[in-house]
Structures are given as C-alpha cells and as structure tokens.
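The structure tokens that follow cover one protein chain in two forms, given apart as structure 1 and structure 2.
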Structure 1
Amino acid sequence: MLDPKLLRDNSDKIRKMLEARAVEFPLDQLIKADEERRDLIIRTDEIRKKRNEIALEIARKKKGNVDVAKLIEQMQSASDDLRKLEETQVKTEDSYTKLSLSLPNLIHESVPIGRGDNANKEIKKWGKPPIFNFKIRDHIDLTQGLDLVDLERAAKVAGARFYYLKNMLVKLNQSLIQYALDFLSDKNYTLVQTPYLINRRSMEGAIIAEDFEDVIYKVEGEDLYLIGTSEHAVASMHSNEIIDGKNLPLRYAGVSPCFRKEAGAHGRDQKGIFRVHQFDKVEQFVFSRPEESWNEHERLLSIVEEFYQKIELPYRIMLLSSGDLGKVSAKTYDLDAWMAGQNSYREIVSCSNCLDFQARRLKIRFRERTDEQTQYLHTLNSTLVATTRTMVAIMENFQTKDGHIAVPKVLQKYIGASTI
C-alpha cells in the first residue's frame, strides 16, 4: 500500500509508475474514492456534533419543563441523516480499500523501463558453465536413470507437477535445507519455521491477493491459504506491532514448504521437478529502517551469491525491468543458475526490496523512544535456496560420464556421500 498523501499530492508519480509497469489501473476512480471518503468523514463528524448539541439542548430544556418536541424531531432527523451517510461511508471505504490494496508499489530509479529479456539488465556473471566430453542429459533423464523421482505415482495420488523424491535425492533435498540454515545461522539470522497456512488478512498484507487468486491454494470453507513462500508468514509475524528501533534490522531465515498452482508452465517444464506445485525453501526476510533498506538489499544479494559460489553453481545476476517486476517490489534482482541439461540460465532466486509497501498493509511500525512518533519500516525478502530448482542445477551441472551425480563439496558432510 502506498502512502495516501502521495495519491493526493503527487498522483503523476503514480501514473508514471503504472505506465512503466504497463499496468492498467483505475487511478482516477481511486482518487475520487479517496476524496469522497474524506468528505464523508467531515460530514458525518459535523452531523454527530450537531446531534450531540441537540441532545444537550434537550436535556437542558427538560430540566426547565420546556417543550422539546421540535428538538426531538430535529434529533431524529439528524440520526436518520447520519445513518444514511454512515452506510454510504462504509461502501466508499470498502471501494477505496479494495482499490488501494491493488495499487502496485513505486519503482526505484535504477530499474530499467520495459519488459522481457531485452529489457532486463545483466549485472554480472560468476563461474563458467561446465564443459563435458560426453553426451549430457537433463535432470528428467538423470532422475529416471538413478531412480531419484517418481512422477507417475505422484500424479496418481496428487495430480500433475507433484513428485515423490526417492533415495539419495531425499538426502540432497534435506542437505540443502540444513546447509542453508547453518549458513544463515552463522550470519546471525533468527531461524523460523513458519505456519504453512495463513488467513486472508495476513496474505493480503504480504501480496496483492487478487493477482494471486490463480496461484495460491485456498482451504475450502475456511479463512486459510497455503503459503506460496515463508515470506508471506514472516512478513505477517509483526503485524499491528510497534518495534523497538534499537532491535532493527530484524533478519529472519524462514523455512517451509511452498505451495503454488504454477499455471502457465510449458514444454519440458511440465515434467520433472523444475516447476512444481510443492517445494521446500529457505527464505531471507528483513525488517529494516527506511534509510538502511537499500544497503540491506545489496547485503541480501551478496549473501545469496556467497551461498551459490560455495555450492559452485555458475550463475548470472539480472536486474528485472519495470514490466517484469512483481507489483509488491520496488526493485528485484534475480539469480539465474546455469542448467547444463537445458543449455541456459534459469531463475532460482528472487531478491527484492518492498520499501514500506508491506509494512503499511500490515501496520508494522518502529520508533527509537516511546515519546517519538512511529514510522513505517521497510521489508525485504530474498530466496536463499528453493530446493527443487537448485537440485536441478546440481544434477545437470555435476553429472558424470557414468550417469551419476557428483555432490558439491560443501554438501558432502550433510549428505554423507560424494556421489549420487
């Protein structure tokens, strides 16, 4: 949610943001709803004041045995007017709230304008794609050959894009999680295993819910949604709280399964475990002072890079363009890992600064002293590891001539083997 003052004082800035994002949004309707709701607040306050004054006058005249019939009629008329205005006010507030919650975030000035691969900006590359002296396979063929995944039986019990991990791939999955938790724990992150379901109010605080209706799973008959990432649950942890500024930044490592409908996959992505409905993830989430959030954003990215360098996965860093930027984010870096079996870089990490957008929706503020005015803080998030996609990259890049998979050195102590 954006600062309402921006809507009133600098709506042109919002129009430019919408144009850069190529998003159609009824901004004039939102501006009108804001004007109407503020006008209604003034009018209802005036009628309440008038009604209170009449009530006092009635009480005073009754003490003097003066006829108050006309005043009672005026009182009833004021009450009727107030009731009608309050009904209109509720409808106007609902319209304003719905629109304001669907308005995207502002865009940082460094974000390139445009959409698609040509608009996204490559920041850097690290590592060299491996060179093989044998015919390589993608992860789908590798997992079938080593009996690491059962897709057919998963489809039988759950549907397409679910899977059974088997044998050593189960251990590799858990090894990535454990290594990620140890890695962030050494950097003084607070480890959090979150709820896997949250209510709509919490979900709407973290995302623009209407854009995710076709992506997230809802529990029928209950006010509960399966989380698409632990970011949603961690963001909501401190909703309606005032945080002591001396404790900022708060850095969390959220671990959870993630559940997504993943509509729109095509080709080989419909097979294997690259694009699936359920996967495990360790997420970084930071609550920051506003003036420190851009440094925190770069710090998140540096931590991600260190993690993948230790796993020895070649990657590139992409700065997303305005048209590809998530609506909640003001700036996002993607880390794309090299997938040898696909002969391309594929996104496995998203690292975003959301400014005060989520904090306003969730009413999360901070102050240094109790006598200070509160401020909205900034929130940032970044994948550290989404295990299925990272395992795809490991399998394809570390495959051996005899059809096995070498385990990255940093993971060998966790998995207890050097080869799968």
Structure 2
Amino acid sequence: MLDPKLLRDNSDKIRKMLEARAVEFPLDQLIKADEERRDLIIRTDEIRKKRNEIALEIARKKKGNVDVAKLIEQMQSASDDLRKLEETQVKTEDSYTKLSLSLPNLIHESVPIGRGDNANKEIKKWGKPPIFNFKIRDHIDLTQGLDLVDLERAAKVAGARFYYLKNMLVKLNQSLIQYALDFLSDKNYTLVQTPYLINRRSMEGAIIAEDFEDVIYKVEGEDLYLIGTSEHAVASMHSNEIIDGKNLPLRYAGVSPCFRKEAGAHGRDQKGIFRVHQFDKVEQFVFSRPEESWNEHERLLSIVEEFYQKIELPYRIMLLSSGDLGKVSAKTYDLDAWMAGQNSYREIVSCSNCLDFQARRLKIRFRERTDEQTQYLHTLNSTLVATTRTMVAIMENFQTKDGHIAVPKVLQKYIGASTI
C-alpha cells in the first residue's frame, strides 16, 4: 500500500511506476474512489457533529426536566440521513481498499527499467564455475544414483513437484538449516520458527492480491493459508504494533517450510527438486527505520554473499529490472548460483527492500519517544538459504567422477561426513 497522499499530489510518480512495471492498473478509478471517499467522510462527519450536539442538548434538558420530544425527532431524522449516507460510504470504502491493496510498490531509482529478465543487470560475479574432466551429471541423475530423492512415489502420494528426500540428502537439508541458523545467530539475529498457516489479514499484509491465486494454498473451510515463506509470518508478527525506536532495527532469522502453488510455471523445471511445492528456508527479515533501509538492504546482500562464499558456491548478483521486480518490492537483488548440471546460473536467493509498503498494510509503526508522531517503518527480506535449490547447486558443483558428492567444508561438521 502506498501513501494515499501520493494519489493526490504526485500521481505521475505512480503512473511512471506502473509503466515501468508494465502493469495495467485503473489508477484513475482509484483516485476517484479516494476523492469520493474523502467527500463522504466530510459529509458524514457533519451529520455526526449535528447528532452529537443534539445528544448533548437532550442530556442537558433531561436533567432540568424539560420536554425533549422535538429534539428526539431531530435526532431520529439525522440518524436516518446518516444511515443512508453510510451505506454508500461502505461501498466506496470497499472499492478504495480493494484497489489500493492491489497497487504495486514504488520503484527505486537505481532499478533498471525494462521488461523481463533480459533487462536485469549483473552487479558482480564471485567464484569460478568448476571444470570437470569427466562427463557430469545433473542433480536428477545424481539423486537417483545415490538414492537421495524419490519423485515417483511422491507423485503418487502428493502429485507433481513433490519429493521424498532420502538418506544423506535429509541430513544435508538439516545441515543447511542448522548452519544457516548458527550463522545468523552469530550475527545477533533473533531466531524465529513461525506458524506455517496464517490468516487472510496477515497474508494480505505481506503479499499483493494476485499472488494469492498463483502461489498461496488455502485451507478449505478455514481462514488459514499456507505460508509461501516465513517472510509472510514474520512480517505480520508485529502487525498493529508501535515499535519503540530504540529497538530498531529488528533483525529476524525466520525458519519454516515454504508452500507454493507454482501455478504459472507449467513445464518449467519440471524435473527434480529445483522447482517444487514445498521446501525449507531460512529467511532474513528486517524491520528498519526508513532512513536506514537502503543500508540494511546492502547489509542483507553482503550477509548472503558471505554465506555462499563460505559454502563455496560460485554465484553472480543480479539487480532485477522494473519488469521482473516483485510487486511488493522497490528493489531486489537476486543471487544466482552456478549449477554445473544446467551449465548456467540459477536463482537461489532474492533480497528485497519493501519500503513502507508492507508496514502500511500491516500497520507497523515506530517512534522514538511516546510523545512523537508514529511513523511507518520499512521492511526488508532476503533468503539466506532455500534448501532444495542450494542442494541442487551443491550436488551439481561438488559431484565427483564416481557419481558421489563432496560436502562443502563448512557443512561437514553438521552432516558428519565429507562425501555423500
């Protein structure tokens, strides 16, 4: 949600954003709804004022035992007027809220303008893709050879894009989680394991309406949705709160499984565990002062880089273009890890600054002193590790000639082995 003042004073800025994102949006309709809404507030306020005055008068006269029948009549007619006006007000307010909740976030000036991922900008590269002197396997071959994944039975039991992890891959998965939690814990993050199901209000605070359709699973008959990432549950954790400024920034390490419908992804990455409906993730989430959020954004990225350097995965950092940017994000870096089996860099991390977009929806504010005006804070999120994709990268890059997998050094003490 954007500051409604922008609709009035600077709608061009919003228009430019919509154009850059190539998003169709009935902005004029929203501006009109906002105007109507404010007009109705003024009109209903006037009637309420009158009603309050009469009510006061009645109370006073009653004390003096004066007849108030006439005043009560006036009150009745004012209440009737109000009821009628309120009906239209509810409708206007509804359409305003609905529209304003589906308006995407502003875009930071450093974001390249363009459609799709062609316009994404490479910021840097780290590490060198490994060179193999044998015919390499992709992660699907590797997991089959070592009995690490059972896709057929998962398809039978749950459907496509599900998987059973088996044997050492179960341990690798746990090791990545454990290492990631230790890593962030050392950086004084607050560890938080979130609810995996959250209600609609909370979900709406973290994502934009259309994502409900494409990514979010709903529990039938309940006001509950499976989180697509712990970001959704951590963001809403402080909803409707006023945070004491001296506690900022709040840095959380969220850990949870992630559930995604992958509705628009038919045919893409159909095999293996690269694109699946369920995976585990350790996520960084920061509540920050507005003036510090861009520094926090860079900080998140540098922590991510440190992590993948320690795991020794070659990667590149991409700055997403306006067309590729998520609707709630003002600026996003992706970290694409080298995947030897696919001979390309693939996305494993997404690091975003959402400014006050989520905070407005969730009413998360802060202030330094209790006599001060409250302010919306900024929220940022970044993957630290999404286990399935990182495991794909590890398996493909660390494979050995005999079809086994070397374990990155930092993970060895967690998994208790040097090869799989």
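By convention here, residues take numbers in order along the sequence of structure 1, the first being 1. Here, rigid core means the biggest group of C-alpha atoms that superpose within 1.5 Å across both forms. Because the structure is predicted, anything quoted here is derived from the model rather than measured.
Here the chain taken from the form predicted in complex with the RNA appears as structure 2, while structure 1 comes from elsewhere.
Of the listed residues 61, 85, 156, 298, only 85 lies at a hinge between rigid parts moving between structure 1 and structure 2; the rest are more than 12 positions from any hinge. The chain behaves as two rigid parts between structure 1 and structure 2; the smaller one is rotated by 18° relative to the larger (C-alpha superposition). After superposing on the rigid core, the C-alpha of residue 80 is displaced by 2.7 Å between structure 1 and structure 2. Core-superposed comparison between structure 1 and structure 2: residue 57 shows a Cα shift of 6.7 Å.
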